[in-house]
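As a starting point, one isolated chain is supplied in structure tokens, in the form predicted on its own.
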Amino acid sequence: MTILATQQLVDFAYILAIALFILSLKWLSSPATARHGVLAGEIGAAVALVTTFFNPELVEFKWIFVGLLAGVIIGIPLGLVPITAVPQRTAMSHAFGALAASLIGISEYYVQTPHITKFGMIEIAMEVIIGSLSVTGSLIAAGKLQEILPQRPIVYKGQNIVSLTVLGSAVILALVLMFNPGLTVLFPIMVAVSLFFGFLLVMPIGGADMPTVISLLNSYVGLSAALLGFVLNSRVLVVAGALDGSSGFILSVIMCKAMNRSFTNVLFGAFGQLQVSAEKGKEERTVRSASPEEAAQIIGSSNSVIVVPGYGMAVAQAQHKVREMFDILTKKGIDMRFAIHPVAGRMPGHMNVLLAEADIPYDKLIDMETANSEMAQTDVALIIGANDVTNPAAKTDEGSPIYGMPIIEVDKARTAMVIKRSLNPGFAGIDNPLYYMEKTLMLFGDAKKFVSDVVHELSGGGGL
């Protein structure tokens, strides 16, 4: 086969991979087709990877196999983490992707210098800056999600000025290198400054904004990959990176809208600081609690139940017991559905993944707007480990950091039940007035154990 024919086959295979990437994003936009989307993305990536081995421009294979082996050694343990660790694993994946793009960009700079063009230099500089800040930003996000690092925003006076100054310094260094690429001593300084900016970018961000941050970092990594595609003259990398970057950006916009927040607020607002006044006032209020038997009696005599899942359900691994409850209530003729807030959990789509793992029917998942329109006619709103996305302070307390954020209005249901270990604030560090309302019953305990006890009562084990 001639080199021309081989190149044509390579180009065709890359087009096929790009088509599969596009279909993957399309199918991933709906829970009903998400599995097809994942499969299409995996096949597309495999096609692109295998095709690379047949690229006529490829002359050395051994380092590719070394990279594949290293990726397998690192990737398999990362893929075997419990589902509660998926958000931080995702952040780690972003870090590795950004690191790969940055290292290739760095190597290209040293390979092409001193013959690099001004345009080529600015391509490499932009790619390395975005990739480097994504590396440290993703690592900080993973550390916050794993609770290795402080979950609260770390803020100080003049932080925005410092952050923008650091970013500006990296841009200035890039411009200097564009006009004089031979100043190799400046390149590692630019990389170090970019890495430091990633640290400054994410440390001031609090827990409630973390899902948006993960999405935004994904967008940055995609943009870095697209720029790397220009550096390497790889069309498939340009398209794949652009798809990743644009989809992550759009998702971030959607999530910011769902939280009634702007990008600047997410990046510089230090959302999620602890409300001291609320913490002090909490001691003076009382709550109504219920046992599993009492909760089962109320749920079993209702006509409709809307479940609002949160990260606490993931921690307790309660989704399968929730599925058992769903089966029992459905047989009893009770309508049980699941309201999914766009930023519930600690990553985009976290709750959808949990419920899909338990084989909850897709048509039983409803969005926030639908849930709110029907909440007043709902007998029981059952909140399982969700805090901030059900906090009425977002509607009533102008002094609250989450004021204006759309929530699932469980306080409008006839009865609100909250399964929670304690009255401690959620990941955003904000007290929830819902817990002290007369219509609210606090169901204290581990979510999996409590739901299991309720299921036992509903199934007749407790005499119902």
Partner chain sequence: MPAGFTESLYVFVLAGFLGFELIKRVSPLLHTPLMSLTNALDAIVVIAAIIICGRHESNLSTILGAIAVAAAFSNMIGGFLITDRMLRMFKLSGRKKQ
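Remember, it's a predicted structure, so these values are computed and weren't measured experimentally. Positions refer to the first chain, counted from 1.
Beyond the structure shown, there is the form predicted in complex with the partner chain, which is absent from this document and is the topic of what follows.
- When you measure heavy atoms, are V38, L243 and I250 every one within 4.5 angstroms of the partner chain in the predicted complex? Yes: each residue has a heavy atom within 4.5 Å of the partner.
- Query: Quick one: does G67 come within 4.5 Å of the partner chain in the predicted complex, counting heavy atoms only?
  - Reply: Taking the distances in the predicted complex, the answer for G67 is yes, it comes within 4.5 Å of the partner chain.
- Message: Within 4.5 Å, heavy atoms only: does G222 come near the partner chain in the predicted complex?
- Response: Flag for G222 set to yes.
- Is P150 close enough to touch the partner chain in the predicted complex, meaning at least one heavy atom pair within 4.5 Å? P150: no, not in contact with the partner chain in the predicted complex.
- Task: Give a yes/no on whether F230 approaches the partner chain to within 4.5 Å in the predicted complex, heavy atoms considered.
- Result: Result yes; F230 sits at the interface with the partner chain in the predicted complex.
- Item | Candidate from Q377, T264, S301, S107 lying within 4.5 Å of the partner chain in the predicted complex - any heavy atom | After the contact test, the surviving option is S107.
- Query: Can you pick the stretch from 306 to 314, 292 to 300, 176 to 184, 111 to 119 whose heavy atoms fall within 4.5 Å of the partner chain in the predicted complex?
  - Reply: Single hit among the candidates: 111 to 119.
- Message: Using a 4.5 Å heavy atom cutoff, which residues in 5 to 25 contact the partner chain in the predicted complex? It's fine if the answer is none.
- Response: Counting only heavy atoms within 4.5 Å of the partner chain in the predicted complex, the contacting residues of 5 to 25 are Y14, F21, I22, S24, L25.
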